[in-house]
Structure formats: C-alpha cells, structure tokens
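One chain is shown next in structure tokens, namely the form predicted alone.
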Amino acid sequence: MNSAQPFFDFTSVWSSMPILLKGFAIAMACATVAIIIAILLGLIVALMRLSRVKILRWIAFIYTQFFRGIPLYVLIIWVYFGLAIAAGVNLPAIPAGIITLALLNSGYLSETFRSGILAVNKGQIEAGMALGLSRRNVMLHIVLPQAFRVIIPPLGNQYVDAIKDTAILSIIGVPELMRESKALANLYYRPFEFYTFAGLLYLFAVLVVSRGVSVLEKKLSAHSAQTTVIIDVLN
C-alpha cells in the first residue's frame, strides 16, 4: 500500500459496489439453491434411515457418514475436477458449487430431520393411525409439521453455514463475493477495506436469515399447537 494513501479509505470500495453486490448475489443464490436441494435430499435420506427396509437404512447411513465426514474443500475439488476426469462430466463452476454445497449440507440435515421426526410424541402417531389415517398421511399432516418446528433453528444454522461456505467456491472460479473482494483488493491494494465490507455483507445475510428463522419458527409453533390440540381432542 502506498504510504501517502490514508489507511482507512473506502473510496475504491464504493466505486466497486456493483461488482461486490453482484458477487454477494451470486453467493446468496448458490447458498439458497443448495440448501433447498439439501433439504429435499436430507428429508429423503432421513426417511430412509427410519425405514423398515434394512438395505435402505444402510444406504442412508453410509450417505450420511460420507458427506458429514468429507471436507468441503476436498468435495468441491472432486465434484468439479474429479467428475470431469473420471466420468467425462464437465460441470460449469456455479452448478458444481451448488451441487457440492447441497451434498455436504444434506448429510447434516438428514440427521437433523431424523432427530426431529423421532422427537414427535409417538402417542400422536398412534392416535392418527387409530383415526384411520394412512402412514403417509400421518407423516405428512402430523409428524412432519411438528418435526419442522423442532428443526427450524438447526436448519437456519445450516443455511448460515452454507452462506459462509460459498467463500470456498472461489477455488473453482465461481465469481462470488470473496473471489471478487480478493481481486479488487489486489487491484486497489486495499485488502482491509474490501474484506471488511465483505464481512459486513456476510453479517447482514446472517442477521436476515436469523430474523426469518425466528418468524418462521413462531408460525410453525402456532400451527403445531393447533394440530396437537385437534389430535388430543379426537383421541
């Protein structure tokens, strides 16, 4: 840094705002799409873990342990470069990043879903079956609504982790926030300012997610309470 320049000058940051905000938007989009896919995969794997079919339980167990145990850095290298070499599948950087985040987070969310489902009172499940509901309807209308109420906080934490993990996607060329911040910091010789602003954007995203999780948790708690009252009355 030139000694004549002020130490704490955000002029270059303001002039680079469109690039930084675009990188931030890409990071948020990658994290959001990845967590949606991870929720679907995690729920499927959790149901497989709770299945009466032994082979499904074993497949789900191996899936969970594998993606919970492998580092994100290794997984993203394998998905982006390994698939191209082993199977001839050349994925663009952004889809490869989304798939990697989805696979990694689905391993954690599968256990979160399983714990949430097991936390539902078995008496309510038995009451639903006694009322003539099929196992599918009991799961959809009694178990999952209450399980979601339990898992909302850890699900929000997993979303936050996915947002922060997007910074690693820069190693395969995804033009997300940290990649753009690093490039601009090197260009203007202002690493402190650019990384500080990037940190503030991540903090903003975390606060928004935390607020959204809090609102959603309250709404699901009210719905779950109504469901519990109905089942208890009919039982």
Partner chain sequence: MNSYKFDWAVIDKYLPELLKGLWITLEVSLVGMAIALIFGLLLAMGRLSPLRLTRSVANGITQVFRSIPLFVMLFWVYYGLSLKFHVLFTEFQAGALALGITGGAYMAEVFRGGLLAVDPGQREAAMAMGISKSTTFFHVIFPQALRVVVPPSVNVYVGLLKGATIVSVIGVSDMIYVAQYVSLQTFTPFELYSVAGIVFVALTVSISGFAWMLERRLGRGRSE
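Note that the structure is a prediction, hence the values are computed from the model and not measured. Numbering follows the first chain given and starts at 1.
Although not depicted, the form predicted in complex with the partner chain is the subject of the following passage.
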| query | Is the gap between residue 173 and the partner chain in the predicted bound form 4.5 Å or less for some heavy atom pair? | reply | no
| query | residue 206 near the partner chain in the predicted bound form, any heavy atom under 4.5 Å? | reply | yes
| Is there any non-hydrogen atom of residue 91 lying within 4.5 Å of the partner chain in the predicted bound form? | no
| said: Contact with the partner chain in the predicted bound form for residue 57, defined as at least one heavy atom pair within 4.5 Å: yes or no? | reply: no
| request: Heavy atoms within 4.5 Å of the partner chain in the predicted bound form is the criterion; list the residues of 55-89 that meet it. | output: 65, 66, 68, 69, 70, 71, 73, 74, 77, 78, 81, 82, 83, 85, 86, 87, 88
